[in-house]
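A single chain comes next, written as structure tokens; it is the form predicted on its own.
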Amino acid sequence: MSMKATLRQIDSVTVVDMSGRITLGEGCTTLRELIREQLGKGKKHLLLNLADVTYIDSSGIGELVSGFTTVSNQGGQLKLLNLTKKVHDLLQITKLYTVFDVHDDEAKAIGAFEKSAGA
């Protein structure tokens, strides 16, 4: 099964509910296109909800980092929400956990955008 994504808008934050697998090929392409599409619409506050992501490989992790960099370079923010234990462990092992702003509470995560955006 490949990755699926559903978008919700809460204030200035686009919440992306992701499910399935983020792996080399289709999953990574879907994620990359989704981020580019949102930036193209001027939506620069992205919250990726990974609660239903069943598997992520090194290419998927690379795509998260690439997305994070792309959004940051456009003056936006990309945050992660509800990491599964597998994804959390993978980010810890690869020393990327500290790169991302990771949350386990959606309301607090959305509030963090407002604070860091200086709004």
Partner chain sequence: MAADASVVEVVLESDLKNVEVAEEVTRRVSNTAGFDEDEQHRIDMAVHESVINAIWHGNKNDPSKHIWLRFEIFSDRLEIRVRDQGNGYDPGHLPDPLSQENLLNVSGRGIFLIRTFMDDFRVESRAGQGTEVVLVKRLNSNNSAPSRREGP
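Treat the numbers as computed from the prediction; the structure is a model and nothing was measured. Positions refer to the first chain, counted from 1.
Not pictured, yet referred to below: the form predicted together with the partner chain.
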| query | finding |
| --- | --- |
| Stretch in contact, per heavy atom within 4.5 angstroms of the partner chain in the predicted bound form, of 74-82, 87-95, 42-50, 29-37 | 87-95 |
| The partner chain in the predicted bound form reached by all of 23, 58 and 65, non-hydrogen atom within 4.5 Å | yes |
| is_contact(residue 99, the partner chain) in the predicted bound form, heavy atom dist at most 4.5 Å | yes |
